[in-house]
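What follows are structure tokens for two forms of the same protein chain, given separately as structure 1 and structure 2.
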Structure 1
Amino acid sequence: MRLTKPTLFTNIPVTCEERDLPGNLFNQLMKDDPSTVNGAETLMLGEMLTLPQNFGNIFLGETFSSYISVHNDSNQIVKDILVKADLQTSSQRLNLSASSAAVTELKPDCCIDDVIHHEVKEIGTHILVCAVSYTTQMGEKMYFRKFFKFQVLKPLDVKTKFYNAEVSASYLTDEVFLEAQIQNITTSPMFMEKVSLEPSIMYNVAELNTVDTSGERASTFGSRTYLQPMDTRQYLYCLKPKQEFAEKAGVIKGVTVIGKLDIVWKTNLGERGRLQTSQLQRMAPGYGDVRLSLETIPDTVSLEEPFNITCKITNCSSERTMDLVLEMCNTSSIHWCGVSGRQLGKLHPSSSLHLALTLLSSVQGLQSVSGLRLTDTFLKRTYEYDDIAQVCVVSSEVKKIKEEVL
């Protein structure tokens, strides 16, 4: 018999008032019912424990517990009983019996009991194989096996997404944001006891799932501490490369290991489950030979009024000095002010230069700053920079009102 946690008995309250025909008869019946709560009989959730009714579902990361009872139904004493419980998964066979020693004798109507536990680490079909061997009074050796088959299902659906911090002082200390969506795909509510990101050695992590309200860390999920079936929660983490790795630019190029998520949940009466994701990997953004990053940009600008941005251009190549020409191409909304095709001069490896540019937008709304082109005249190679940043364009009156309010 599988031992999932017992459940609490619920009763159906039927009450009446003194003046009604049955008088206090219904209320008395409820008082006499041992499954109601003494003094609060109308409370549906009682205190009486009932054993699990059926095998139920078992999920990856939960602990499979089972009661194994070998009962002598015959009227003979049997000897040298050996009970073995093995769990067969698709990849391995595990022995779960607590002891492998044989019991010398078992009298009629007596039993050998064992409770086994196993944390389920594989999905799919599992077969519990109980093998019993014993010797009868006649000295005959007997052996039988019983099979109990069950499926292990997936409890959670985890989706992850990485975001690179948009503006940062230097590309070497880039922060990475990890968004993890965790969905309960079981059929019962799930209390999330712990969801944490264990970073790889290169990163420090800050969890962004609590809000500081008057000195107390309150969960962003509010008072709802559990996930209903099919509910999804979104967790956010901020990862910063550790100083020693941040200095070595090469390390964080290409594919890096970010860390893994460790999830602990609980269900009915504290039935516990735990899962760890595999190592989450991220493709570090490649910046090519020349990187253009933004140093300053206003968030809101007025329609058809020029505004300034500051760019930083870095020569990321290892040994090549570049001679750069800047071109500015207008898009349907963004218009650059100034001369296109201007020489920026020589730029040595690992050095950078700052560039102030002026532009204006002819369209309202959230506009994307695009259209910068850098050409390396030595190699005749052009680098394109589109969607560098976004800026909110409003009519000048709105902007005035907004400023007054502020």
Structure 2
Amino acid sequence: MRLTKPTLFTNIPVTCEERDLPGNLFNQLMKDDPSTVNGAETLMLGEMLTLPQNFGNIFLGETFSSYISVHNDSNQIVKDILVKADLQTSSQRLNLSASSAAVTELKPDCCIDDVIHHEVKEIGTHILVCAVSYTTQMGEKMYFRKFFKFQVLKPLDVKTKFYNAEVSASYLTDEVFLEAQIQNITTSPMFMEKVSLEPSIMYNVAELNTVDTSGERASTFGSRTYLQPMDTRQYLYCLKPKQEFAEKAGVIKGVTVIGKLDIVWKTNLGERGRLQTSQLQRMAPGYGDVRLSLETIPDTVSLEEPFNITCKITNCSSERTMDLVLEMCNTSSIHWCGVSGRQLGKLHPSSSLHLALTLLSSVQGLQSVSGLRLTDTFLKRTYEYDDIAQVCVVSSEVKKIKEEVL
């Protein structure tokens, strides 16, 4: 017999108008019924619990529990009773017996009881095989088996999407955003206890499913994190490579392992379920031979006043040393301060250098930093970097007032 939690008693309310023939008889009977809710007798849901009347549904990630009882129906004592319970799935056979030792004897009208538990990790057909062997008083060895077949269903539909934090076609950041869409495909509501992302060793993860409310972090889904049948909820995470991996440009390329989702839920009467996805993978964006990333830049700058930025140049090649020349091309609004066409020296494979640059803007508003050119003198190849970042350019008076207010 499968061990499951009881269910709430449901009744079928029968009512009538007071001017009808039964009068108030039906209403009074419902009020006197101990299974109904006081003051809400017409609701189908009652206050009492009932034992399960059938096997019910079992979902992937839940714990399957079963009570096994071997009863001696004869009037003889049997000996050396061995009870074995195996669970057969499409891929494996699991032994669920609590003990492998044989019981010495079993008297008439006595039982051998056992309770087995198993966390279901596969969907599809499962067969519980209960085998019993024993020896009669005449020394004859006897053996029989019983089979209990049930289906394991899928409780959740999980879909994932990856988004690379892309500023422009020539400049990409290391951040990766993961959107996980989780849909409840069962027939009952779920309480979502935990949905977290366990990142791989290459990444740090930041959960973006909370908002700051009066200094406290509150869930974007509210205080009651219930997921109704067929409802879908989106979870968002931001992943960034750890410093030791981000510095090695040749490491994070091609197919990379991001991590896995860990989902924990509870159903109607607290039955707990847990699912872990397989390792999520994504195709890392290509940076070409030379990669330019921005380390520091101010948010707001003053009109016609110099400001500084720091760039990081990385040789993404794993074989070739580069000899780079930096050129700075002015735009209609952004002007570079310094010498253009200067040598940056040799840059070895998978190594980086930091470069401090100075600019000024002649136009107010949101301006795009563009105009950097890197030339590999060996291959005579030029790499163009435009729309690297954006800065807000304001007049000196506006910026002064803003700083005084802050």
Partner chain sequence: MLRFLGEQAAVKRQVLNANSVEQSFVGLKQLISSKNWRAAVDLCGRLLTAHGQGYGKSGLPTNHTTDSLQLWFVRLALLVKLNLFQNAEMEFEPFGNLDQPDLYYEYHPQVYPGRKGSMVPFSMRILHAELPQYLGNPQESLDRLHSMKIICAKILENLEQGLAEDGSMTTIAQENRQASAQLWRARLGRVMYSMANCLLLMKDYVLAVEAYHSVIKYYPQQEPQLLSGIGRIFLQIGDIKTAEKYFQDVEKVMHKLDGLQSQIMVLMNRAFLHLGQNNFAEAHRFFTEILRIDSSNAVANNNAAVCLLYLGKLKDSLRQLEGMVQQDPQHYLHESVLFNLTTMYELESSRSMQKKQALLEAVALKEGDSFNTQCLKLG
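Start at 1 and count along the sequence of structure 1; that gives the residue numbers used here. Just so you know, these numbers come straight off a predicted model, no measurement behind them. What we label the rigid core is the largest C-alpha set whose atoms superpose within 1.5 Å from one form to the other.
The form predicted alone corresponds to structure 2; structure 1 is the other form.
In a rigid-core overlay of the protein, P306 has its C-alpha displaced by at least 2 Å between structure 1 and structure 2.
Relative to the superposed core, T296 shifts its CA atom by 2 Å or more between structure 1 and structure 2. Positional change of L324 between structure 1 and structure 2 reaches 2 Å or more at the C-alpha, relative to the superposed core. On core superposition, N11 has its C-alpha offset by 6.9 angstrom between structure 1 and structure 2.
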